[in-house]
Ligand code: ADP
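Taking the form predicted on its own, here's one chain by itself in structure tokens.
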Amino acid sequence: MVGQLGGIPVLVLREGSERTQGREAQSTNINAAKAVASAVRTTLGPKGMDKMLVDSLGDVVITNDGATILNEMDIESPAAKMMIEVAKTVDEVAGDGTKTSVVIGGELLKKAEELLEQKIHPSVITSGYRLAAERARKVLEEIATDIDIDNDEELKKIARTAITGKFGESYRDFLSEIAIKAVKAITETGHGGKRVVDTDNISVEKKVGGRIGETELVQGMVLDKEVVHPEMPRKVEDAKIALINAALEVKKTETSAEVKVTSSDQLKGFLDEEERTMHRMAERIKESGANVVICQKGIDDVVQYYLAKDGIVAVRRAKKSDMEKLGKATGGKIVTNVDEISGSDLGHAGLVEERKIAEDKMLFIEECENPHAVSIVIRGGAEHVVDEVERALHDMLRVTGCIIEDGKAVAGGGAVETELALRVREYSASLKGREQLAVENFAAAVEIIPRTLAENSGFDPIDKLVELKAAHERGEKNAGLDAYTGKIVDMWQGGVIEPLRTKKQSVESAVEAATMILRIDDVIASKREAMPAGGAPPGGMGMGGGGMPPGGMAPY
């Protein structure tokens, strides 16, 4: 980039930097975002296809999950990365709807490109899109229906909708039951009586071997750990659990220390004192009434021996996150000093047992009275199967959590988007000025969802869109496309239901991504300079000395 100052060229950017401006910059960014949208578009809906992603090391991921596809794609374009960041936000907030947000975002940019070619300023387009998004939000709240969260059949419909089209769909009734029980177990009452669901309190363990139908929900915790000593019992009923965040070992000095031993008696005294210290640790645990110890740090062999002698089960090196979940599951407190442990600090579980799952031993802490943390052990015949079931289950858990927190849902199958398009078009007629064109284009853009559902199901998208519009104009707000028969049916009656939060977040995020990309009219990309063999940057001072480059000072 070169500027002029009194006829003297002024270098502002590093040599080799690239700059694209105006219409060219907008076109480049829009095309990059559209490419991301087209990559995930074919995966949308019950009959969407899967993607095989192969990284530089040859590792393979086969998935239909939008968030995973976008995370695994090795993308260079900054504009495309912005689309992916928006999809991540949707996944974090709503757990589902990532593909919808990206596909709508791509279509909004495609429609914006048509307006840019008509010499309409990007600020006018973004203003129109924001007006349309605000109207869409109000429409969504109007058409949303309250859900009875105590009715498991209603919740199952939402969970089943989340897994439709994903791997493991044949087990959707079984998996949806697990998801609902897990989410209900961890639901807590927050400020003002509001329900709060933190799905981080659901621990998921994956084990290859067996079949998906052997996946199980544990009302407690499952640790991917084995009992530390062979003489310890492998099963304890009516378990009293000590959660210890301290090393059951002799402490080392914090500073370097040296002790000179001049006789064998002194050495024996040191060793005896070490053993007495460790024996005291085991005694304190026994006196507290604990018969199971979960330790976040190490357990010395001597302590293991004394605990085994007293019939106490012990596990070491438990993860911090697992310790916190164990506290919620068993009602125990995490203790940082063994000398201060008491019976009131202990957690309780009906059964603690070490079991062999596939080739690994795992510790099951179950039959907890009122666990606020639970575990799901996912089984499957291959690693790809287990990974894909985990991704599907993640979506099911999140959407169930959204419904329990918000209590509002909308119909799926393209019904919402068709209704939005109809209502936003009506709204655009009340506007004046060029924003009206952008609002109309927003309405056309959201129709990409029912059109894509029809395409991916093998039906004519134009015919199905016409049928859908006709049904909604007759007032059938829940009319959507049945991807299996091609008929326009009431999606609510058909059990295709999605959380209101998912749809709201998808539309809002799509608009945010599109408006952010449209406002960029200048892209300046700096090139990182390669280091020369000597290690000094070009033009800088090397190791052997400095001074000015040949010919005097470098030009500005």
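Just so you know, these numbers come straight off a predicted model, no measurement behind them. Numbering starts at 1 and follows the sequence shown.
Same protein, other form: the form predicted in complex with this ligand, not shown, and the subject of what follows.
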{"property": "Heavy atom of each of Pro46, Asn64 and Val496 within 4.5 Å of this ligand in the model of the complex", "result": "yes"}
{"property": "Answer range among 116-124, 292-300, 410-418, 175-183 for contact with this ligand, defined in the model of the complex as heavy atoms within 4.5 Å", "result": "410-418"}
{"property": "Listed residue (Met83, Ile449, Ala349, Cys402) with a non-hydrogen atom within 4.5 angstroms of this ligand in the model of the complex", "result": "Ile449"}
{"property": "Single option in Ala136, Met232, Leu453, Ala318 placed near this ligand in the model of the complex, where near means a heavy atom within 4.5 Å", "result": "Leu453"}
{"property": "Contact of Ile158 with this ligand in the model of the complex (heavy atom, 4.5 Å)", "result": "no"}
{"property": "4.5 Å heavy atom contact, Thr100 to this ligand in the model of the complex", "result": "yes"}
{"property": "Exercise: Asp387 in contact with this ligand in the model of the complex, heavy atom 4.5 Å", "result": "no"}
{"property": "Partner proximity in the model of the complex: Thr89 to this ligand, non-hydrogen atom cutoff 4.5 Å", "result": "no"}
